[in-house]
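One chain comes next, on its own, written as structure tokens: the form predicted alone.
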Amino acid sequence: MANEGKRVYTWELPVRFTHWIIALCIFVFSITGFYIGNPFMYAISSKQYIMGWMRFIHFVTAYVFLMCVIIRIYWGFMGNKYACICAWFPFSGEKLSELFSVLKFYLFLSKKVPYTVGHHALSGLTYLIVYLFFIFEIASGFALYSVNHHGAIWYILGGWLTGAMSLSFIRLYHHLVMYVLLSFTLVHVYFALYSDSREKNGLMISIFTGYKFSSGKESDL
């Protein structure tokens, strides 16, 4: 059982906080962004301001999302070894071997459980890719925003992207990446549930408490 192992403080508060706020942001982005791109309800009087509110909520969420991404990347350098951003670059020979081993486990090609306390190679690489998508969403979003808002800050945050591609392509990719992130969220939850059921290390509850349980079989203690 999970509670028979050694209790290890794995996910620090900044990691847990940004994890849940980012998840909430993706949910809000999905609803408001879909409405902005394809309105599914319309105002029936001049007193209603549906599109305005949707855009306002989307923009406010964008600032919250930006700060969470910055905090999480910062904590990747300042946090404990389980938060370390170095886990996002599993490109050594040993880590690449681990990556394929874990991938076979999740594809039901192997019964070898990838016991780990922090991020294994596959999850580390996944977070690298996901955060690159996050950065693109931030840049593309602010690129669209910069069309009607001029200034150095808007150019730095994403306005420069308008010089690399047209607004129509920026808008298209901005929407497509959101669908990718939504798909990732579903797969992420499934993998977490499956991994927790096999490792029995308290993975699901750890993102709330910060603590996981070690069986002694892990390589990253």
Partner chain sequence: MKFPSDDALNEASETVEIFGQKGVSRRDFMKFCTGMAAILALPATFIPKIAEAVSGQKPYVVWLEFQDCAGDSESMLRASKPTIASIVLDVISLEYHETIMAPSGKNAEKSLMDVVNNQKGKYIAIVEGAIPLKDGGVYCCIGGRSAIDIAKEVCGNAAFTINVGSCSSWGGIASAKPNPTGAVGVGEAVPGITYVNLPGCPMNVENVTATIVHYLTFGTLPSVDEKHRPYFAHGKTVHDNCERRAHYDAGQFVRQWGDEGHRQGWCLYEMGCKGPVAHFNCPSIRWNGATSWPVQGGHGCIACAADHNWDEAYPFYSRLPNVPGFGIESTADKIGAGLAAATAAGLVLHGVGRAISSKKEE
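Positions refer to the first chain, counted from 1. Keep in mind it's a predicted model, so treat the numbers as computed, not measured.
Absent from the display: the form predicted together with its partner chain. The rest refers to it.
Annotated contacts: R55, V147 and Y173 all touch its partner chain in the predicted bound form [non-hydrogen atom within 4.5 angstroms]. Heavy atoms of R198 reach within 4.5 Å of its partner chain in the predicted bound form, making it an interface residue. In the predicted bound form, no heavy atom of S30 sits within 4.5 Å of its partner chain. With a 4.5 Å cutoff on heavy atoms, L186 counts as touching its partner chain in the predicted bound form. For the chain shown alone, I153 is not a contact residue for its partner chain in the predicted bound form, no non-hydrogen atom being within 4.5 angstroms.
The stretch from 134 to 142, 102 to 110, 67 to 75, 80 to 88 that comes within 4.5 Å of its partner chain in the predicted bound form, counting heavy atoms only, is 102 to 110. Contact annotation for 21 to 41: residues with any non-hydrogen atom within 4.5 angstroms of its partner chain in the predicted bound form are F34, Y35, I36, G37, N38, P39, M41, listed in sequence order.
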